[in-house]
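Shown here is one chain on its own, the form predicted on its own, set out as structure tokens.
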Amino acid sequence: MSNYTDKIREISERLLKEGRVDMVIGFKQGTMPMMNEPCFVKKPEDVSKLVWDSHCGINLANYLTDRKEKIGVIAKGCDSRNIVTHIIENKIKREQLVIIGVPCKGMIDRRKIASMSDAEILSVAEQNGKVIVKTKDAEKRYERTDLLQKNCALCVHRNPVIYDELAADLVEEQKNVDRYADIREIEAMPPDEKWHLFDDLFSACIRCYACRNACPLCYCPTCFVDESRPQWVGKSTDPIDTKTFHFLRAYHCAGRCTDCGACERACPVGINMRLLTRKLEKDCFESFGWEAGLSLDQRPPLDVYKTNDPEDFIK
């Protein structure tokens, strides 16, 4: 993906030299393999720090909330959809942004790679659709498609929906993807099985709030879990308090979530809390024909009232 990196650096340098932006928010090489970090570049001579590869999964829309500067921001499909939501919800102005769109073929799941090796991973590279993983004692090759993050494997909006510059040609979108097969299986379960499933799902939760902190939609000045008057939820890892946190956070994202995977990627114990947000994503699509962040001209369905809204789902 060196051509992506070269183009991102070229565009960023030009924007900074022309004074069109005060900074560019992108990615730099992390201190560990597969762990690229957000990078804030303010000088043209520093654009060499910027990189792009399959480890740029962090949603950079998370760094735009309430900023006042003119900003160039690197945005893949899901990032751009969250930027649309930020603009609609008045967290940033469109005229503040120069969006450098990056057509995306999916990010690699570092947990999958780590689980395949007992030794310390020294480097991860890509070549001709293969992922090359080097350890001290061995070099192994895997099919890239087998290592994609779960949300990326299901993504049907890989191209940025809004952009001012493009770092590469648009890619072909995935078609005939059954995005909600696992959700339908859960919907078909009897209530007691669902309860046991969610018991197991959240049993490992340590209430660190990494999912909330990584989510570009969680920007409330005071989160409901931090409220004390009234106190909505307890602070312990009591199972009911834990479920309350996850269920209410998911509902807060209803009609807004782009399934960027930030929550699951940030979770230190690997909880698939996307089951909740994707259920609500499915409901919004089936009830309102709504997918978040595709247009600046429409507000989320739970944000507005229309006299012709369908009502069958209420009955």
Partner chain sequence: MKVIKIDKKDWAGGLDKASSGYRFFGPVEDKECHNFKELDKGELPDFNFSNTRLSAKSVVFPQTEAMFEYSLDENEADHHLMKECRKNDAPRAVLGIRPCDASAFLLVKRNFDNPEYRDPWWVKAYESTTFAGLACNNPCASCFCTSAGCGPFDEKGLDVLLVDAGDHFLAKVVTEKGRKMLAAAGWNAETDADIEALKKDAESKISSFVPTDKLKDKTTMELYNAAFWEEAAFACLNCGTCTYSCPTCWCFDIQDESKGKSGIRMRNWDSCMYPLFTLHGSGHNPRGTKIHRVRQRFMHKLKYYVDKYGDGIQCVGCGRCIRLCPVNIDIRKICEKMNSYEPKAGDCNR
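The structure presented is a predicted model; accordingly, all values stated were derived computationally and were not measured. Residue numbers count along the first chain shown, from 1.
We do not show the form predicted together with the partner chain, though everything after this point is about it.
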item	value
Contact test in the model of the complex: residue 148 vs the partner chain, heavy atoms, 4.5 Å	no
Any non-hydrogen atom of residue 203 within 4.5 angstroms of the partner chain in the model of the complex	yes
Residue 110 within 4.5 Å of the partner chain in the model of the complex, heavy atoms	yes
Partner proximity in the model of the complex: residue 156 to the partner chain, non-hydrogen atom cutoff 4.5 Å	no
Non-hydrogen atom within 4.5 angstroms of the partner chain in the model of the complex for each of 10, 92 and 166	no
Stretch in contact, per heavy atom within 4.5 angstroms of the partner chain in the model of the complex, of 171-179, 96-104, 156-164, 195-203	195-203
Selected contact from 219, 209, 224, 142, since only one has a non-hydrogen atom within 4.5 angstroms of the partner chain in the model of the complex	209
Stretch 34-72: residues contacting the partner chain in the model of the complex, 4.5 Å heavy atom cut-off	35, 36, 37, 38, 39, 40, 42, 49, 58, 62, 63, 67
